[in-house]
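Next come structure tokens for two forms of one protein chain, structure 1 first, structure 2 second.
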Structure 1
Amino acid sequence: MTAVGAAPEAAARRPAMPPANRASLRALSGQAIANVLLAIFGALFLLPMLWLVLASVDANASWSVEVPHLTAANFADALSGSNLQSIINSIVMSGVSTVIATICGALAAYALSRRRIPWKGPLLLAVLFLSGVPLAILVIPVFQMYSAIGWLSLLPCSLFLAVTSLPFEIYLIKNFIDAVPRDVEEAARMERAGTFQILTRVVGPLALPGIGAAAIYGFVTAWGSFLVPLVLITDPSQQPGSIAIFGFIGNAYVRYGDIAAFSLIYAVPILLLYALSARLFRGGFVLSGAVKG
């Protein structure tokens, strides 16, 4: 494995270091290698998507990778009818689920990281392992609960999705809070900051990359979920995009081109989220640098 550390970048940003020439030379070569390797990885990850891209503009799309008979009709189909609404539903479903899971998860993670709570270690792990129960089985009792109280709709479905990613999010965020130095918090506490302030002003920003990663995890999990919304949402106008894809698959036909086009469109919101979070992470980075400085 090629381990290219963070050092070259750091060196490049601090030109005042004593062995400046050698370091910057090494940094340069290291950066070149890193760029090439990353480009190769990117290309490898792109390969399987080639079919998706070609099929999305192919009037005769099939399983094979072929030179497409160019058409825009697939994209028109992908956005027709209730398909656009389904993407909006996905955004609501995943957004609500992510907000619930991340806020609850961050609070719990902080307590589990910093407070003395009896049996917290085994408890946390037990909850985590229990998420090994296949969701397909888990959703059945939840369906019965929800149907008894008339909750078979979008928002309660988001709530359940939030709960399914909650153990992961708690665990992940706790890991990042563990890494935040306690003395930073201590300093804030000297200045009589309350728990809430410490969470939002000190620990939160420092653990932001971790919280962001957990939030994106929650979003992506909800974004791709199929069986849970299928079972827990009754009103067809509330179905998310992961289910709308099946509108292109019937008993006697598969509209490969439409599926590909819809999938590409369905990727856009996540990409936007990723771009947004990259900015957020950078903000967190600068801040943490300042605190640690």
Structure 2
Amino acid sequence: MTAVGAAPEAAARRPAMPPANRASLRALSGQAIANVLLAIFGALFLLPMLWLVLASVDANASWSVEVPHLTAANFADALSGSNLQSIINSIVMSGVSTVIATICGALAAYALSRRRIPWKGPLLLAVLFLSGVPLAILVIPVFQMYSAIGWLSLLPCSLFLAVTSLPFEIYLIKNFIDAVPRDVEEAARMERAGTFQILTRVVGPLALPGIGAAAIYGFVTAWGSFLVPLVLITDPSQQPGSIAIFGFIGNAYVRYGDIAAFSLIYAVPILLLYALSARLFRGGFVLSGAVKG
């Protein structure tokens, strides 16, 4: 009887186990579902990249992912004749567009950031709105204007691409210039520096990450542009790579291997651009010691 009566007392003295934390269980299950979804999306992203790599070295490439029959002929075809010229045209078109848009954007951003301009607020909103205007509604009127003055060629097309990317570049660079302390400029003016010297030697280097980001945006936008050069460039020898890639698609046969090889080659300048600019973005702003004591 004593042992039987002691059992309930021992059970009563035993510390009660805490209930299961339902919130933590829901958090773990939600995290598991998120990881699964991210893995699925990652696989969907990597699958086309895997096809590009395998098909570019496959002598019998098709639309499916399969073990390749190794060959280098696809890259030779992608770099032969007019295909190589189209890549050079893309470099020229994107480079000219980036230079024009970045220089003009930096000058306009500095004026909007440091000068008293009437209706500056509505003007900035208009600049931001213009960055979202679709090119499809502009390209036909521009085509008529270019056709009338004989500008349907590579460089005028670069000019139009620079104008279309200019609003967003102005807004982006202005935000970085706003972060530069005015004391730095005042110190430079005390040393009798002019406005152009302040912009190029003081504000420009300090806002370099923003200017670099704007330049990358302009280059990538021009590099991947399809509709604008298709309409505004009539000479086939001046067509960029974004248009030339469709030459691998025939009426009865699609050259999948050449498409994959040309796509990989066409992506190399963008990858190099991001690799070279990684150090720029990691550096950020270096303002210490900029103001003379």
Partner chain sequence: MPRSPRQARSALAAAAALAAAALAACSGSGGAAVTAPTKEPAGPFVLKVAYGSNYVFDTTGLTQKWWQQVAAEFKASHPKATVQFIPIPGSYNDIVTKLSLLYRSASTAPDVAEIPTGQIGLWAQAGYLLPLNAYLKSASWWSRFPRVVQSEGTFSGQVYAVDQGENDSALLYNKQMFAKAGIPLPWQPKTWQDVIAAAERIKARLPGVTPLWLNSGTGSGANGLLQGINNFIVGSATPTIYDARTGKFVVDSPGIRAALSLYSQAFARGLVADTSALFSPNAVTTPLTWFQQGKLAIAVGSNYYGGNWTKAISAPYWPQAPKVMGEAVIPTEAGGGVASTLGGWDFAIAAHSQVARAAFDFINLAENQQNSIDAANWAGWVPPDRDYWTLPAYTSFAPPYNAFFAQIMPHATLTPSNAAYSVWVQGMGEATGAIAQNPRTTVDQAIAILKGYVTGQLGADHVEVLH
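Superpose the two forms; the largest set of C-alphas matching within 1.5 Å is the rigid core. Numbers given to residues start at 1 and step along the sequence of structure 1. In this text, all values refer to a predicted model and were calculated from it rather than measured experimentally.
- Selected structure - the one that is the form predicted together with its partner chain: That would be structure 1.
- Core fit, then residue 237 C-alpha moves 2 Å or more between structure 1 and structure 2: Comparing forms between structure 1 and structure 2, the residue 237 CA shifts below 2 Å.
- Query: Keeping the rigid core fixed, what distance in angstrom separates the two C-alpha positions of residue 273 between structure 1 and structure 2?
  - Reply: Shift of residue 273 at C-alpha, rigid core superposed: 2.9 Å.
- Once both forms share the same rigid core frame, by what distance in Å has the CA of residue 34 shifted between structure 1 and structure 2? Displacement of the alpha carbon, after core fit: 19.8 Å.
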